[in-house]
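Here we start with a single chain on its own, the form predicted on its own, put down as structure tokens.
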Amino acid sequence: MITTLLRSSFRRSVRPQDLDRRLVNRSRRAGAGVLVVFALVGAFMLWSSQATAHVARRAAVAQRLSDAYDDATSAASAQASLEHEYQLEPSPWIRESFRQYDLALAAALQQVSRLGASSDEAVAEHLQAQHVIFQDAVDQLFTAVDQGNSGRARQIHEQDVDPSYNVFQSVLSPAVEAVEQQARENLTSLERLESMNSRLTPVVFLSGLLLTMIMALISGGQRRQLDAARAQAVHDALHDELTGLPNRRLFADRVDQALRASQRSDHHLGVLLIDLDRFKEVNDTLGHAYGDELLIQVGQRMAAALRRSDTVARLGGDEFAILVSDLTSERTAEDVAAKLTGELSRTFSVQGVDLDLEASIGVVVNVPVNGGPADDGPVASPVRADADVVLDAAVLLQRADLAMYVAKASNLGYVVYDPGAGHQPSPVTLTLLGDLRRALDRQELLLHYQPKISARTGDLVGVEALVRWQHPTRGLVHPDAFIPVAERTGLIGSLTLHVLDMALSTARIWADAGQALPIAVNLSARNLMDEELPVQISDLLTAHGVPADLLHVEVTESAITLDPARAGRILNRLSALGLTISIDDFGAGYTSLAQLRDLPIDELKIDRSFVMTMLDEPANAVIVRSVIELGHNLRLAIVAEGVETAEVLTTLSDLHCDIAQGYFISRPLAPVDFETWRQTRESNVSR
């Protein structure tokens, strides 16, 4: 009854014309509402993108500015450290390093001026002016040290160097703090903006959804695009750009997840580290386009050879890693490594060119703490979680890296990490080993040359090349710290070839300048085990166009006695090339007279321990005299190392020693310093 009355009342009060007009008005309002929503959405999206881009640009500039200040701080700190070190042990390389850091500081301050505001420009100018004062003081200190005036050096350090450096730091530190504060504020602004966007976006799209289905569809499309962009950004952050494979970050995360899962099951996991041999030759010979395509094919081939549950990652360069997380008694890590070795040995076709590669693979396997007994493990030489070591991705990769070095050195294709076989390194050794491997590619190794003179005439007759490592953060690393590490891992082969390459390059430069000098290079015991060494040296001589008589190789007695037969074969092949062969540190080992007679030896180098003390210890003087007479009877040249005084040099000349080498003549010198030394010596002789 009530409904009927309402309907009747409605029909009487609303005419058809009025209803049409209302519908039109509603349509207009709806259309206006749609336009308003479109305008609001458009304005919101435009503002959001512009605001985000603006804040992001500011954040990026602030970050670059912060990096420039950090570079300036690091360079200044390094110079201060070098200044202290020079007082303790002056060396040309310290002054050269000081100069390099000066250039780095100038570049950093220039970057500050370019990126920063006017206040930063003023700070940069102030810092540059103050650094000039500091540098002048250091130059005076260096001069005092070079003159042997340690008292004057300390006075300059206390009265000039330290105060000027403290003033420099007092200007730099607030500037660094200010730019870091600015970076934090930019980050806060960006986070606040993103938070506001995340709250406003649903409101805007919800309004559109309530007004029209069109707005709902538009908002849905925009959100899908946003989700796709976010998903793509996440994917890009966790995958290698070239190959599309997981990168180091994603690989480490998956390894850590697999380790946690393995503790709850009886399955083991394996990590394989693959390094491609001769890949650098492809890049250098054919170009990076071929190298990139080859890396893509390598990744695809390895992925195709494994199961979908395995992870193939590219860690960088030509280094790949594989995670096998479900090893069982039917599938071992060695089986996987053997399969990969076979797959990678097949020819690759890159842009119509057939390329052959080999790979060195290091394998490490975990045995879960709560898993089955070690005797039932699925692999040879499994590695149990040490009581004092927490197995994680970093530890497994370090161990796989070490096993890979062993595989490369022994040409075995793959090696399973086994601490019982001497593969257990310290963290410091592992870090040094990784740095050294990268140092070969980054040209961080350099050679110093120690002159060798005729003991009778004083004429320069040759040099010995001694490798030095200018580490980017540790400074100059002494050979005793990295040569033994290289020898234990097999990296000594690559290191020796690198040294030979640098030495022959220098020999070529000297020969072209009309100042040819023989250069002596040391070989290790591992080098004398490498049957390919003579061929490699022959190729280097040909590549540099250097006559073989300009290259001397020095081997120790212990290196020969390690495997006399093989060492003899290799030394005979080197001698056949025309190289001069010296026995280094003679008298400290156990070389027999028969070996001296049968081996192609040209020189004997008397161990420095005898030469340095020959004037104070009669027994050592007798040894030196006997070695000289023995060598001459065998028609060998005699070199005396460790000549540190004029008296020793005179005595050696009286004993008819052929060649002298030592600090009295000269310390090992960088190439530039050696040229200066030679010119000075020639000038003095000509007078």
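If you're wondering where the values come from, they're calculated on a predicted model, not measured in any experiment. Start at 1 and count along the sequence shown; that's the residue number.
Although it is not shown, the form predicted together with a small molecule is what the next lines describe.
Peer 1: Hey, of 307-315, 128-136, 474-482, 148-156, which bit sits against the small molecule in the model of the complex at 4.5 Å between non-hydrogen atoms?
Peer 2: Heavy atoms within 4.5 Å of the small molecule in the model of the complex occur in 474-482.
Peer 1: Scan 551, 337, 359, 523 and let me know which has any heavy atom within 4.5 Å of the small molecule in the model of the complex.
Peer 2: Spelling it out, the residue with a heavy atom inside the cut-off is 523.
Peer 1: The small molecule isn't shown here, but in the model of the complex which of 492, 252, 302, 276 has a heavy atom within 4.5 Å of it?
Peer 2: The option sitting close enough to the partner is 492.
Peer 1: Examine residue 70 and determine whether its closest non-hydrogen atom to the small molecule in the model of the complex is within 4.5 angstroms.
Peer 2: No, no contact at 4.5 Å.
Peer 1: Should residue 114 be counted as a contact of the small molecule in the model of the complex, where contact means heavy atoms within 4.5 Å?
Peer 2: No, residue 114 stays farther than 4.5 Å from the small molecule in the model of the complex.
Peer 1: Give a yes/no on whether residue 120 approaches the small molecule to within 4.5 Å in the model of the complex, heavy atoms considered.
Peer 2: No - in the model of the complex, heavy atoms of residue 120 and the small molecule never come within 4.5 Å of each other.
Peer 1: If you check in the model of the complex, is residue 585 within 4.5 Å of the small molecule, heavy atoms only?
Peer 2: Contact check for residue 585: yes, within 4.5 Å of the small molecule in the model of the complex.
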